[in-house]
Every structure is written in C-alpha cells, then in structure tokens.
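So this first bit is one chain, no partners, the form predicted alone, shown in structure tokens.
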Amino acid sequence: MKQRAFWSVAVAATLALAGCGSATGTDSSNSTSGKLVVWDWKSGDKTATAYVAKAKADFVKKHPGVTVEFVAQPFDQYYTLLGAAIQAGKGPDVMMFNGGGQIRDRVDALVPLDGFVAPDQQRLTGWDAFAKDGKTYGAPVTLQGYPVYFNKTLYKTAGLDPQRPATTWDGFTADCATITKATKASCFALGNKEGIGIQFFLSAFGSGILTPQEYDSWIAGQRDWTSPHVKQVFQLWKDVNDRGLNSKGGNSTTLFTDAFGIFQSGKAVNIIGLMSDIGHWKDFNEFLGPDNVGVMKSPVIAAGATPSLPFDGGIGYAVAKWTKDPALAADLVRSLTSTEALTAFYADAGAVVSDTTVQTSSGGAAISAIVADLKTGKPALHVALSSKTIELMGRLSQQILEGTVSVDDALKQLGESDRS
C-alpha cells in the first residue's frame, strides 16, 4: 500500500512539472512565446545530446520566443506515466512513442499530423508504424528492425566461412553444432526475462516460415492463429530451447542488456538484435570489431517462405491533443526529424534513422548489409499486434519455455486476445 501511495505521488508530481508547458498563441509565427514540454526516454542519453541540441537549434531559429524543455523519463515507467497524463488530460505537448501498438492504442489523445508533416513525407520512411485508420499520429525518428547478428570470429574458429552463412534452417543449426563443439558458444543468446525475446523471435524468423501471402495477411490484420505455419513459429520457439540452442536461463536473463552481453563476449554465435537504439550494429562493432559482425536474414525454415528483414518506424514523436498550439508543437516534431538532427543521431547513437538522405556508407559491413536489406524488408510481425496482445505473448512465451502452457493453449489465448 505504501508503494502504491508513493507511486501515485510520483506520477502526480511528474504531471505537475510537465503541466506548465504549452506555448501561447494560435499560430507558429516567430511572435509565439511560452514553453513546449517534451517527454521521451532518449534525451538524457549522451548519444542523443547532439541530436537534441540540433533539433532545438532548428526550432528556436523559427520560434525564438519559445523555450523547449525535454523531460527524459525512465523507459520502464514511461507508458505508465504517459497513461496517467492521458487520463488526466494534461502533460507534455510532444511525446515520444514506439511505433506500432503503443501509439495506435493511444491515438485518441493525439493530434493527427498529416497536414503538418506533409513536406517530410518523401524524405522520411517508417510512417506506417505511426498511423491508424489512414491518419498519421507520429513522425518517425528511427527505423527499428530485428536482424540476426552473428559472430564471424566464431565461424572462422570452427572452420566455417562467415561470408556464406547457411540459408536453410537445417544448415543453420548444423553450423551452430559445429561452432558449439569447437568453441562452446551457444547457438543463440536469449534474454526473455522481460518477455520481449519472443517478439524478436517471431519477427526475425516469421518470414522464414510464413508464405508471403500469410505474412501480408498478418500485417493487414487478417491473422489466423490456428494455421500450421503460425503454430510452427511458436513450436520453433519451444524446440530451440528444448534442444539447448539457447544460452542458459533465458527466462531469468534480461534482453536489455544481459543477453546482448552474452553475444558481445563471444559466448553465443547469434543474437536477434536491433537496428537502432541498443543491441545493434554499432554496439556489436565496438565489442567484436566491425569486421567480425555479420548480419543475416532468417534462413528458410518452411517451404514457400521468402525471408526478409523485418523493420518498421522505430521511435517517433507525436503531439498531445491538449497542447494549446498544435501547429507549433508539430513544428517542433519537424525539427526533431530534420536531416541535420537525424544525421547527428545516426553518427553518435548508431541509429538507423528514418531520413533516407542520411549517409551510412562509412559505418562498416553490418550497417551496409542492413541498409541494403531495407529495400526488400517488410513490417515486423509483432509490431502489428496490440500492446495488450504483445504483453500476453510475453507471459505465454515464458510459460512455454517453462512447460507450464502448451503451444496450442498459448495460440488459443493469443487468438482470443487479438480478436477482442
């Protein structure tokens, strides 16, 4: 009870601090004054310092009378705090979202941005993850995807050619067996303590199992949770663990960031990582060396599948419905997605940004491979799900590994959640 009371006070205090934002005025001219408050979980990072500075400078140049305050919230509490703000109908003017279910579930609290961000539509990509029912509610900052990274040094130590990773599941697991025998490294580094590992697994290997038609139907919302191929994805999740291909203790290992540490220390051959933010090509380059980080798409696991890189808009900024001047707040979103700001974010954080004009050619082989695969990439399967179903999938994925729920029972529950 004491903890609950403290939490309520903390949320109220945070809202009170943020509630003093909102610039005055009804247009976005230079005469506007006041303050805009931004909530995110990135602006406090060292790697985002230059990005935020350049975005602020761009905005202040257009609106010198308006100050901008960034409030960096802890990510693990972010959506709880945001939910309290939405319920109260006051809080930040501009807020960060993950693309997909997190923003789609909250569009009633947001301003449609289509009329404000039209000039950026061609320059930026990843819009679909921030759209619902034909309206755009956020502007993408990064692209987020789920490539399979592998350690080239372990391949070479085991006598395998890292330039030619297997393209079939049987070949992939055979290579893992060879490498594990030679180096004792596990096939995968798994972290599922947060229940997130299954999200990465579903999206990384789904295109290796579903046919292109099944994949597109899933993304379009026509999901058949009883189909043999959908069951195969979740059965594979269980089988990989049962065969001992994962690092030990997956359910008690955090993905952020213990599992990444397992891969970076050479104790696992492969990991399903991210394209941006953390656990991505730049992090792995620093630990393993740019020449030793490989990237692959899913191998073909079922006949008829066409593996592709799963990716969507990653993080982005949206405008709260309660802000006093939506046009002004939207202009800040445009500054946060300007080419100059996003170039700094790529350079310092290694984020694969949404701006297609930002050059990445000097980042090494891994980022070059990722960017090349963007052309044929498709939206990630888990991003199409609601936040409620994703949360349930996380819990069930842990129970599948523990053996306390069957794959069939898990799929039945997920189907019911997805349809509700």
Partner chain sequence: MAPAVLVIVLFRLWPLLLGVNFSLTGDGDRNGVVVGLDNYVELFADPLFLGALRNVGWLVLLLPVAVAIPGILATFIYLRVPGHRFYRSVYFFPAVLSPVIVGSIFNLLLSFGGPLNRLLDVLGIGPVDWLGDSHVAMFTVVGVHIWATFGMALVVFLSGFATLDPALLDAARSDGATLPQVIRHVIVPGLSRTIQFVFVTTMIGMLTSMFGLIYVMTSGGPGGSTYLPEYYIWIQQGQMNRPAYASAASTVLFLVMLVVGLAQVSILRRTGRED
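Numbering follows the first chain given and starts at 1. Here the structure is a predicted model, which means the values were calculated and not measured.
This protein has a second form, the form predicted together with the partner chain, left out of what is shown; the following refers to that one.
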Check for me: heavy atom within 4.5 Å of the partner chain in the predicted complex, for each of 76, 84 and 87, yes or no. yes
Pick from 168, 213, 222, 80: which residue has any heavy atom within 4.5 angstroms of the partner chain in the predicted complex? 80
Heavy atom within 4.5 Å of the partner chain in the predicted complex: which of 121, 252, 163, 226? 252
Based on heavy atom distances of at most 4.5 Å to the partner chain in the predicted complex, which listed stretch, 282-290, 141-149, 326-334, 105-113, is the contact stretch? 105-113
How about residue 402: is it within 4.5 Å of the partner chain in the predicted complex, going by heavy atoms? yes
Any non-hydrogen atom of residue 238 within 4.5 angstroms of the partner chain in the predicted complex: no
Can you work out whether residue 395 and the partner chain are in contact in the predicted complex, taking contact to mean some heavy atom pair no more than 4.5 Å apart? yes
Since only the chain is shown here, I'm wondering whether residue 231 would be in contact with the partner chain in the predicted complex (any heavy atom pair within 4.5 Å). no
Looking in the predicted complex, the residues of 175-194 with a heavy atom no more than 4.5 Å from the partner chain, listed in order, are 193
